[in-house]
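Single chain ahead, by itself, as structure tokens, in the form predicted alone.
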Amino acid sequence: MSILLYFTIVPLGTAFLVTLLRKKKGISDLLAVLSSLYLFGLSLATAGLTKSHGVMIYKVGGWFPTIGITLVVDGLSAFLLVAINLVAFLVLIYAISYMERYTDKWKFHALFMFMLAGLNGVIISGDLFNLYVFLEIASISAYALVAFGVKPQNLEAAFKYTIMGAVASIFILLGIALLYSYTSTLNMADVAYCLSDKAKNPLLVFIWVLFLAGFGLKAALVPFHAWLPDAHSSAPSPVSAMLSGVVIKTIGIYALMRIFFNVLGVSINLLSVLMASGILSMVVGAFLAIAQNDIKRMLAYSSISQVGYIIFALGVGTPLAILGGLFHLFNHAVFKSLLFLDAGAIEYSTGERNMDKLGGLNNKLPVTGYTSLMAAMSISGIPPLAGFWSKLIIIVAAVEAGYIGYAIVAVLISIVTLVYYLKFQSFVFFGKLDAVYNKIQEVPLAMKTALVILAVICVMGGLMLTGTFRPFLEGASNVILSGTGYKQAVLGAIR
């Protein structure tokens, strides 16, 4: 069980070594890539162990909860660990060439590894306060990475992100403090156990509101989304890929799922709020995306819309909907990371992000063009790509649950999504090539490698519904469906 420690120790140690050896050229690339590869392998091994042995618990220092700190990995944690570390590994391969255009590359890698340590820490934390600490480590690193280009727009976006993130953190910390005052414990399984013995209290409703606002801000749900378009579009593309691909999923959606479903417990009213918020995010994000000419801003608004599908699925709350929501979470981590990396490849080769000033790039950037096509069609729900299956499951689940009107909205928004991604493909990769781009070349090998691997996952992602991979997805879904049964699983494993 001590291997759980390595999810945070390895990236933190790597950040220290990168700083220590910063004067050696290329060492930060090597250390970061090897570290992320190790973490991805470790996450796969942990997923296998969780499947065969159930919940994994590590008691830090040998202290039993509620006195000591526990690290916990169950099916949901293992699922997110694989997604986070897969994307991080491929983003770091891409960054080998991309970040050469920035000074002090070692600072990027140090901050990136701090962010990765925070994301992994959020996933494996078994108590609320340490979840908050790791959430802040990931958030503060992300603020700095958004500002990494140090241009005025980078600094302005980072400032907005920092302010909104700080407001979210205040809501979350206040919610944790009130919950501790009510239950006298911070261990999540123990909190769930204590709440099961207590009568309903109006204080819990206020705590739900604080957590919903806090994690809603972190996940950029409408109406808490104002910071995301600037932050995601202004950051270097590897950072944008991480922010949209895994950061908002981890410190927003995962934390919301874990606390509401497994600790506090859900009610019909809460599920209705999640459904409404999901539909609102779906619609607002899509119609704001269709009006954009800047590629990265379009992708940023698209993230808001796609997060809406995930939250809507959680609100439907049936086993099929939860399965579809988690599948879409994984798919979005892959195809949105790929789209942001493709946007970075376009900017790397042309120096331009405005779709109106591009065109015909397929002739010069075929790898970028075809990989972005795969990602665009997958996110639009075109069969047989991965995004089609996750959206289909969510829509079918909504119909089965009687939410036919919401299901129709989800279908219509998927059509709108297809429209603006066809616009992106048409304006950027088809048509006549401007003479100014006659001499551009395809991006370097490291960048192409990351793009191709992510595109292959977009194509083959539907295999997660087959017999070999389905238990991995179902294991995560079952944790959410077990609700506050999480407390028996964790406390039973500790004993």
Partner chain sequence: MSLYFLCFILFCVGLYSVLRKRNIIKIIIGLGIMEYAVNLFLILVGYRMHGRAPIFAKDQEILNMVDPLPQAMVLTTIVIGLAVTIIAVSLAIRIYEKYGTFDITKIRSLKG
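Numbering follows the first chain given and starts at 1. Just so you know, these numbers come straight off a predicted model, no measurement behind them.
Just so you know, the form predicted together with the partner chain exists too; it's not on screen, but the next bit is about it.
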{"property": "Touches the partner chain in the model of the complex: residue 230 (any heavy atom, 4.5 Å)", "result": "yes"}
{"property": "4.5 Å heavy atom contact, residue 374 and the partner chain in the model of the complex", "result": "no"}
{"property": "Any non-hydrogen atom of residue 105 within 4.5 angstroms of the partner chain in the model of the complex", "result": "no"}
{"property": "Exercise: residue 158 in contact with the partner chain in the model of the complex, heavy atom 4.5 Å", "result": "yes"}
{"property": "Contact at 335, 444 and 448 by the partner chain in the model of the complex, all three, heavy atom at most 4.5 Å", "result": "no"}
{"property": "One stretch from 73 to 81, 86 to 94, 168 to 176, 383 to 391 that, in the model of the complex, holds residues within 4.5 Å of the partner chain by heavy atom", "result": "168 to 176"}
{"property": "The partner chain: the contacting residue among 143, 348, 330, 211 in the model of the complex [heavy atom, 4.5 Å]", "result": "143"}
{"property": "Single option in 301, 98, 421, 254 placed near the partner chain in the model of the complex, where near means a heavy atom within 4.5 Å", "result": "301"}
{"property": "Residues within stretch 117 to 131 having a non-hydrogen atom within 4.5 Å of the partner chain in the model of the complex", "result": "129"}
